[in-house]
Ligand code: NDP
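In the form predicted on its own, a lone chain appears below as structure tokens.
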Amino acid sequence: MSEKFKALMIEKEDDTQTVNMVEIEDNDLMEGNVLVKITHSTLNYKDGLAITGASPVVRSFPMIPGIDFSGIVLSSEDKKFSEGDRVVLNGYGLSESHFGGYSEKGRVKSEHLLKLPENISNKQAMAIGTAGYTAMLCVLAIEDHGIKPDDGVILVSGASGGVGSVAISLLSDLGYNVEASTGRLEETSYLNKLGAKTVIERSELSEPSRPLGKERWAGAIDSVGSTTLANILAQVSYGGAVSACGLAQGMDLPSTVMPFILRGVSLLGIDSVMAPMQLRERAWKRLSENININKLEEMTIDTSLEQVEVLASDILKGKVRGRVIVNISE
């Protein structure tokens, strides 16, 4: 019999969802060919949705939440991984259809794992987390579209959240002029430290949009969706682009085709969950080269498995700034 270990478990009976700390064994884990000692996870907006049940993220019950983790390989049936390898996993159904990162161990498929760059520690990997990795995907899309620092201001919405915080840090260090949109102007100093040159109130973008507005931004990274995204599209300059990766305001898009057919604006959809491994490797390589560790530390707080449920509710209310590292079993 294997030794028992801790995990946070979501269970559902009828329409009632409960979250409890449980003890399980290796045999209770789901299928996979690599067993990992999970050292760190993180709290993302999507984790908040899963734990509170505010959105049907979890597809089968019982479920261990946590859409990402970093850890150390304990055993592997795939020669690509050896005992002691430091690894990271983002998405690929974690917390949806496969047990996630809020557990001291995980069993996963080797094709979903990525070896961590040598200069990124396990803890730093989850300071970055899915939010930071998604931010990097958004930046890569902006770059691939051909938008350069000299082309104009880049807007980042949901700026004080995880994706927004990392995006501001990355963009500013790459030489872009960043404007941040936030519902918490009291975080202006924090956003300036990350690299935002100007900060605007999100109310400027949250009211119903006109089909086209004044051209304000060369591009944007949006994690808010809904009316905010519609307003951004209406004010992006000719030939600009928006990387869209979230739906904090809503999943609707009350826009028109005008920005696309009159200004040649591009809407770049960013999916972090099922992104191909080649793109993931590119993103993590760039993170290893471009992430500013000092800024990363500025935007992170530490927590434990026991505190995750409380913070899950807070993140949905917009009360959590930056990134949350969940220390599992350092």
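Keep in mind the model is a prediction, meaning the values are calculated, not measured. Quick note: we count residues from 1 along the sequence shown, nothing fancier.
What comes next is about the form predicted in complex with the named molecule, which is not displayed.
Listed stretches are 43 to 51, 258 to 266, 30 to 38, 278 to 286; the contact stretch with the named molecule in the predicted bound form is 43 to 51, by a heavy atom cutoff of 4.5 Å. In the predicted bound form, the named molecule sits within 4.5 Å of a heavy atom of residue 273. In the predicted bound form, the named molecule lies within 4.5 Å of some heavy atom of residue 249. Among residues of the shown chain, residue 224 is one whose heavy atoms approach the named molecule to within 4.5 Å in the predicted bound form. Contact check for residue 308: every heavy atom lies farther than 4.5 Å from the named molecule in the predicted bound form. With the partner omitted here, the residue from 71, 106, 219, 161 that has a non-hydrogen atom within 4.5 angstroms of the named molecule in the predicted bound form is 161. Checked against the named molecule in the predicted bound form, the residues 126, 131, 194, 232 give one hit for a heavy atom within 4.5 Å, which is 131. Of the residues in 301 to 317, only 315 comes within 4.5 Å of the named molecule in the predicted bound form through at least one heavy atom.
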